[in-house]
Each structure stands twice: as structure tokens, then as C-alpha cells.
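For reference, the chain that follows is the form predicted alone, supplied as C-alpha cells.
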């Protein structure tokens, strides 16, 4: 340990590792005794002083050890951590659990939330996969009673929308079926813009159906996130730094309240074309509610077609290696499953 910079990097990594496990300030003597660093306690103390001046550590009390700062964690995640990966047995177990769930998307979402919360010991969120823009796939018009017709609209990605269509007068099922076939022929694989640009003379029945189709596809396009699944909220509330504190409850509002969550996802993984895992530490000066937390986020799905988001929220004192590797692996696995489902 001759190189001063290397010593600084090592000591910072060890401080973060120990603080994540203990939530207690770490002193120089403790590090020397635990890790056999080959240097004196005074040398380590000087290094702690250097790291404090650099803004990577702070000293809660004069006689106490040091704890990482937000900048310390950021430097660790970006420069020191390297590529963390889940152990192979854990990957196999998670993969087996997903394939046992069959083709049930809701089970995938609940399972993903459960796995993320368990592996990270933090709170998880998973949004259901949504088409990046609604794309027409298939239409059925079904006579019910009187002038009421059930419209079943299937969008690319498997999203099924049902609406009741009230007609001016009753229409026989064979005419309804013929109208659906006509619309299917002209609208196959079109998005809302393509349907609006159609230059076809449709009769009144088809026009009524198309009006409802446009409304449904517009609703899909206006929503970035589908249903949101959570797990592990109690994990965050039980952390030492959040006991009898409002900080965790403020942070959890971000993933529990729709408007706050959509703002977070819009400005990070869903609309910026960002691939891979994003780590937000201490709100990054943007989200005051997350000042005492870190969020690890990733996008999954088939870019350009159907995507969703998943992530973990916990204290800044987070086991970043395990959390990032879990988010990355579950994101990759869900992307494979969504792609397989779209191909069927």
C-alpha cells in the first residue's frame, strides 16, 4: 500500500462496506485490526482526513469515526465498485421462478417486485409493460342486446381493451363482423397517427367504432406507466436511519403516488432512451423527497415496442453491488419474457 491514491480508494471502499453492514461510524483502529492493512492506525487516520477533505467522508462527532457522504457513494458506484454480478445459483433460482409463472404477466410483475425486495432488503417497484405507442392489432365487434355492442380491441403487446358502443339502431352480428374485418384490414399494425391519416370512406358503423378505437389508443399513449407493483416497503421503514423519521415516508410517496412516480420515470429511464441501470443518490439535487435515499432503476422490454420500468428504493447506506446486479438481472430476464410473448 505505497501509492497514496490507491490507499485512499481502498480505505473508502472498506468504509462503505463496513458502514453498509453496521450503520455505525468507522474508525482507523477498527480498519487496521479488521483488515490487516499493513500500515499504522495513524496512516489510516491521515487517509480518512484526506477523504474527508475531498468530500467523500464526514465525521458525525469529533471523537467518532467516519461515514460516507453522498459524493463518497457516487464515487464508489462509478469508480470503485466494478461490474457486480449475482451468484450463478441465485440466477438459476430466479430464472426457474419466472418460468414457473408461465405466461401470466401479472405474476411476472408480482414475482419481480418480490425478488427485488428480498435480494436488496429494500422497497421495490415494477411497472407493467406498456406499448411505447399504442399499435392496432385486432378488433372484434360483438352484439349484446338492443343497440349495445361490445368492442374488444387488441393492441400490440397483448393489451386488451373493452368498451361498449351504443349504436343508433340495432345491427346484426354478421354486419358487425364484416365491419370488424374491414377495420382490421385497414388498421393492422397502425398507430394512432397512422389511423388518423387513413384515406378511406367508412360507413357510419365503422366510423363509430373507429372513434372509440382512437379514444382508447389515445389513452394508452398518454400513460407512460401501467399498473405499479410494490414490495418490501417495511424493509425501508425498519432501517436504523429511518426509525421514528419522516424521511422514509416522504421517499416512499415517490413510488406510491402516481404523479410523483411518473415524474421520476419520465426524467430517468422511460423517455430518455437510457439503457442499463441508473443509480440516483440523495435525490441528485432534483427530488427533495429522496434526499436521504438512493434509487436504482432500469428499463425492460423491447425498445420501440413495449417497455416498463423496475427498481429499488432504500437508504443511501445501500448494498449497491447486490442491488444493482439484481436490478440488472431481473430487467434482462423480463425483457426476454416480454420479447417471447410478443413473438407468439
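What you are looking at is a predicted structure, and each value in this text was computed from that prediction instead of being measured. In this text, the rigid core denotes the largest set of C-alpha atoms whose superposition between the two forms falls within 1.5 Å. Numbering follows the first chain given and starts at 1.
There is another form of this protein, the form predicted together with another copy of the chain, and it is not shown here; the text below is about that form.
- Residues with any non-hydrogen atom within 4.5 angstroms of another copy of the chain in the predicted complex fall in just one of 245-253, 192-200, 260-268, 71-79: 245-253.
- Of the residues 91, 214, 138, 118, just one reaches another copy of the chain in the predicted complex with a heavy atom at 4.5 Å or closer; this is 138.
- Think of it this way: in the predicted complex, another copy of the chain has a heavy atom of just one of 238, 100, 185, 207 within 4.5 Å, and the residue is 238.
- Although the partner is absent from this view, residue 106 contacts another copy of the chain in the predicted complex, with a non-hydrogen atom inside 4.5 angstroms.
- Residue contact check for residue 83: none of its heavy atoms lie within 4.5 Å of another copy of the chain in the predicted complex.
- Contact annotation for residue 233: at least one heavy atom lies within 4.5 Å of another copy of the chain in the predicted complex.
- Although the partner is absent here, residue 172 lies well away from another copy of the chain in the predicted complex, with no heavy atom inside 4.5 Å.
- Within 4.5 Å of another copy of the chain in the predicted complex, a heavy atom is found for all three of 145, 150 and 162.
- In a rigid-core overlay of the protein, residue 177 has its C-alpha displaced by at least 2 Å between the shown form and the other one.
- Once you line up the core between the shown form and the other one, the Cα of residue 165 ends up 2 Å or more from where it was.
- In the core-superposed comparison between the shown form and the other one, the C-alpha atom of residue 259 has shifted by less than 2 angstroms.
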